[in-house]
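Below sits a lone chain in structure tokens, taken as the form predicted alone.
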Amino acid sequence: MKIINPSTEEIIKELPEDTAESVQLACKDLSKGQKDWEIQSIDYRISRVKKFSELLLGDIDRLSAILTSEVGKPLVQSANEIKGAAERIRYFIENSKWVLAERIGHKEQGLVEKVTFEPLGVIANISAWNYPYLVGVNVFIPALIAGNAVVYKPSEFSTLTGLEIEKLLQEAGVPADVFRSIVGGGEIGKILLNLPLDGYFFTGSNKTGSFIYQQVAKKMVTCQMELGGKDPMYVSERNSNILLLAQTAAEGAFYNNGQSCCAVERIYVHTEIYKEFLDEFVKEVSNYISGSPTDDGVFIGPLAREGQLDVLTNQVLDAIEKGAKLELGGKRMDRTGFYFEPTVFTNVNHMMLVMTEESFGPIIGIQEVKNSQEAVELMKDTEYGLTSAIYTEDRKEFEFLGKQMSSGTVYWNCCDRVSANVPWGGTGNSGFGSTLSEEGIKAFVKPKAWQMKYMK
């Protein structure tokens, strides 16, 4: 498998792919190793995870350079991702023990009812390339703490990072037969679907997630899907600092080149402030520095996948054909690498792909609305349901509108953020199940009820 630098289009490295046989052998080893790992104390398992976090931060410069070389995000954003991963690990370290502790459900004379939590067993973590550290630790860290073994399938676009994760976990004391990374593309991932594993946790596109879900449903095992989004933002007329608002919205749309499942992908602005907001938004985006992700000050690097250039080009052509106004950008950059200009459209509507289909790139449509109810109807006009953002200085307006959103997360005066303190997941085509928070820890265990009656 060839690892390609999206900034230079050069081959960084060639790696031997796993085979059906090697994947099967790895999973057999994990099945044996999981039993030994499970009987270790939770304090011991947490100590190994803590060591892994320390190793991440201690080698952040090298790890950031590797991540940037294979996915193209600016170095500072790669470093921020690793720091963010360490913060999420800290949450799991501090909270897993009490979440997974034995609980008494009921107690009376001669009778005790309690609940314990047991690991699922061997789980498959089929992960994503856009935030391999953040997306990865959401799954494999609580899974390991809970006593599971993990077969980790990194995206073929972030394989080098996946191998570094495996190496550092082993250095931290997680046995090789408890966490195993496998190398390959989609065909290698499919092999996992036919193996007798105890859970599947996938992050990626709706198309791939639907396929995985259909394949493993017959097994009756735990399956969670964190899929895409077409995340909307509404900008109410109840805003006074339009400059700050536009800067925040632009960053939410274009950070990591828009390659985030929770990136802002469509914006609705109240007519009273539409013109001012648009002027400030376009000005902000036009000042973004594009270039090599290893250069200082660069905010827009290359896309991670060459094929996404065609997706964005198709959305641009579709929007123009249907009457949209191109305010900025609109085409692939004339340079080596998978670069696409930051693109802003106005005069858009829901007949256009840019407002209805996931873009996953530096492109945004901004639509003028006459009131909040029109905004709500447009925001809900989607098959996705990951996040929704509402910008208003009136909290009551936010709460009224937020209750109408059918997304897994609602943001008030913020966007494109994930916190370990609250559940992360979506509805509809954005998937099901939760990672992070208490719910995200419990996702990797099965409860066992104990009803114990004392005989006289």
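Quick caveat, the model's predicted, so the values are computed rather than measured. Note that residue numbering begins at 1 and tracks the sequence as displayed.
Form predicted in complex with ligand NAD: not shown, discussed below.
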* To do: Would you mind picking the one in Y268, Y133, F202, F281 that has a heavy atom within 4.5 Å of ligand NAD in the predicted bound form?
  => F202
* Structure fact -> With the partner omitted here, the residue among P362, G301, G228, P142 that in the predicted bound form has a heavy atom within 4.5 Å of ligand NAD is G228
* Contact label in the predicted bound form: W129 to ligand NAD, heavy atom within 4.5 Å -> yes
* Asked: G173 near ligand NAD in the predicted bound form, any heavy atom under 4.5 Å?
  -> no
* **4.5 Å heavy atom contact, Q315 to ligand NAD in the predicted bound form** => no
* Asked: Does K97 reach ligand NAD in the predicted bound form if we count a contact as any heavy atom within 4.5 Å?
  -> no
* To do: Run the contact test on K73, E251 and D295 with a 4.5 Å heavy atom cut-off to ligand NAD in the predicted bound form and return yes or no.
  => no
* Can you check 190-198, 270-278, 366-374, 163-171 and let me know which stretch has heavy atoms within 4.5 Å of ligand NAD in the predicted bound form? => 190-198
* Asked: Taking ligand NAD in the predicted bound form, which residues of 381-397 have any heavy atom within 4.5 Å of it?
  -> L386
